[in-house]
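Here you get one chain, nothing else, as structure tokens; it is the form predicted alone.
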Amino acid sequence: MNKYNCPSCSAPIAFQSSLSVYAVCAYCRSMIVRHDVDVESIGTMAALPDDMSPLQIGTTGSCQGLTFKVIGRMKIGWADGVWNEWFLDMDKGAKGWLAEAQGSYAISGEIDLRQEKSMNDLITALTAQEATGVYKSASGDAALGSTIVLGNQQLKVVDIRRTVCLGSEGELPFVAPAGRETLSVDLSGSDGEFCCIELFDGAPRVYLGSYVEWDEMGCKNLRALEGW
């Protein structure tokens, strides 16, 4: 755990994950970026409004044999709603994400794309079409509904949307100020596989995992909600 003092209010800031480079000070809401040996404040984050999520910074659980702890959150908005992306510090130095949207949950981790031709072809096509908003697959057909093979899994594009970060808290592996805009592309497989492509500023990130049921995760240290 790396410890610093907030450049704005001098409160202690502890980065729990070595993979985290960005945090929001819990005391003054300053947005903090970590460099090699010091930290820098780049502005202030407005407090996120309460929602009905039982999750919070500090919630713990497990999935597929790995335990996790929630250490950060982004609230993501799009034309028809919002959802939460929770950043997870996992066993064995792994980083993961728990997507929470309208009572459904998916846990995923970032993957290396260098050997994934089918995925790279789709990303290249989507990137070239971002300005038009009309998305086609690498073969020229409509991207929505098209399929790719990733490893030994066949995945179908089920959603393409423009998104914006409404705010963030805790610590994250990249800088996530309010107003950060991305193209988010969701894919799913026949056995519950989940995949998300995020295109930000021409740079892709791809996350692969699976949908999970609430009870599977055995979450503890939840936020108190009336009726739970």
Partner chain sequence: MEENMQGNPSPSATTAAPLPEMPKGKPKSFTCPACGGTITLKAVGITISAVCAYCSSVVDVTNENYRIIETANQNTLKTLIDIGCRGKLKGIEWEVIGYMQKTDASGIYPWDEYLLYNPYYGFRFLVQESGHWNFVKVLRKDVAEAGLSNEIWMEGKKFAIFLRGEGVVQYVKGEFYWRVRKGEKTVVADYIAPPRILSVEKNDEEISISLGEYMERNEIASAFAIKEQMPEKIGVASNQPARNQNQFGNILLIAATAFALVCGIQYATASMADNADVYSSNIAVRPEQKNQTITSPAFNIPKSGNVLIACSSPVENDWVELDMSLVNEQTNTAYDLTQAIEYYHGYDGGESWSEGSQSAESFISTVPAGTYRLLTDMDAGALNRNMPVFLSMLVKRDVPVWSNFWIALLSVLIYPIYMLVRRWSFEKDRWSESDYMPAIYRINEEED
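Residue numbers count along the first chain shown, from 1. Predicted, not measured: the structure shown is a model, and the values here were computed from it.
As for the form predicted in complex with its partner chain, it is not shown, yet the points below apply to it.
Contact with its partner chain, judged by heavy atoms within 4.5 Å in the predicted bound form, is confined among 131-139, 73-81, 108-116, 88-96 to 73-81.
Looking at Val39, you'd find a heavy atom of it within 4.5 angstroms of its partner chain in the predicted bound form.
Mapping the unseen interface onto this chain, Asn152 falls outside it, with no heavy atom inside 4.5 Å of its partner chain in the predicted bound form. Proximity of Ser104 to its partner chain in the predicted bound form falls within the 4.5 Å heavy atom cutoff. Its partner chain in the predicted bound form comes within 4.5 Å of no heavy atom belonging to Gly218. Contact annotation for 183-214: residues with any non-hydrogen atom within 4.5 angstroms of its partner chain in the predicted bound form are Ser188, Gly189, Ser190, Gly192, Tyr211, Glu213, Trp214, listed in sequence order.
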